[in-house]
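A single chain, nothing else alongside it, follows as structure tokens in the form predicted alone.
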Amino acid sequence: MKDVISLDRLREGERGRVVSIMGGRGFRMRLIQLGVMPGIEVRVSKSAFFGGPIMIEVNNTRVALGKGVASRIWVERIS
């Protein structure tokens, strides 16, 4: 069985492949503009404590996301 979790649950240095994005069309389109879409591999490079933003690497670009946004992105953990 695949290990699918929300992006905000990945730890620093872990990688995952985006499986789905939970949200409306505008929300999904904004993430696509940032390079975050199903099938793309992401890596968590920095995660702040206490609900702060997380920094991910996607397509050799760093993107900061709020925890609320990251919690709506589901990824398959890549080991």
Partner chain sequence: MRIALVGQPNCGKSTIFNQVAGYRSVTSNFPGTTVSYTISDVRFGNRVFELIDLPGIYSLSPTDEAERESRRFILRTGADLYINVIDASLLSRSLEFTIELMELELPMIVCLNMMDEALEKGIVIDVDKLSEILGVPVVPAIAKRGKGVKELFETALKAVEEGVKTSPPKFCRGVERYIISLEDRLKKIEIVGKFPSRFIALKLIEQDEEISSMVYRYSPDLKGFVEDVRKKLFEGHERTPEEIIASQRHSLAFSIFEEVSRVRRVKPSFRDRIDAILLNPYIGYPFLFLTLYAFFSLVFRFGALLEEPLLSLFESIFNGISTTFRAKGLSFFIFKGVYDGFTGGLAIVLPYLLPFLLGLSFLEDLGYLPRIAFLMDALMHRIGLHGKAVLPLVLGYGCNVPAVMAVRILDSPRDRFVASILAVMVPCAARMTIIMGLVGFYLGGGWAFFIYALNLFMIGLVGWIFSRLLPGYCEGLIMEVPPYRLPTLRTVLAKTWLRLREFIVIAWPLLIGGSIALSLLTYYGLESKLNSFLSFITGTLGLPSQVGVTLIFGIMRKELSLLMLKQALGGNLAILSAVQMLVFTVFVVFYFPCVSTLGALLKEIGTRKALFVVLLTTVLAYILAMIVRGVSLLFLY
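Positions refer to the first chain, counted from 1. For clarity, every value in this text was computed on a predicted model and none was experimentally measured.
Keep in mind the form predicted in complex with the partner chain is missing from the figure; the text below concerns it.
Q: Using 4.5 Å between non-hydrogen atoms, is residue 10 touching the partner chain in the model of the complex?
A: Residue 10: no contact with the partner chain in the model of the complex.
Q: Residue 77 versus the partner chain, in the model of the complex: is there a non-hydrogen atom within 4.5 Å?
A: Residue 77 lies outside the contact set for the partner chain.
Q: So in the model of the complex, does any heavy atom of residue 44 sit within 4.5 Å of the partner chain?
A: Outside the cut-off, so no.
Q: Could you list the residues in 26-65 that come within 4.5 Å of the partner chain in the model of the complex, counting only heavy atoms and keeping sequence order?
A: Counting only heavy atoms within 4.5 Å of the partner chain in the model of the complex, the contacting residues of 26-65 are 26, 27, 28, 29, 30, 31, 32, 33, 34, 37, 38, 39, 40, 46, 49, 50, 51, 52, 53, 54, 55, 59, 60, 61, 62, 63, 64, 65.
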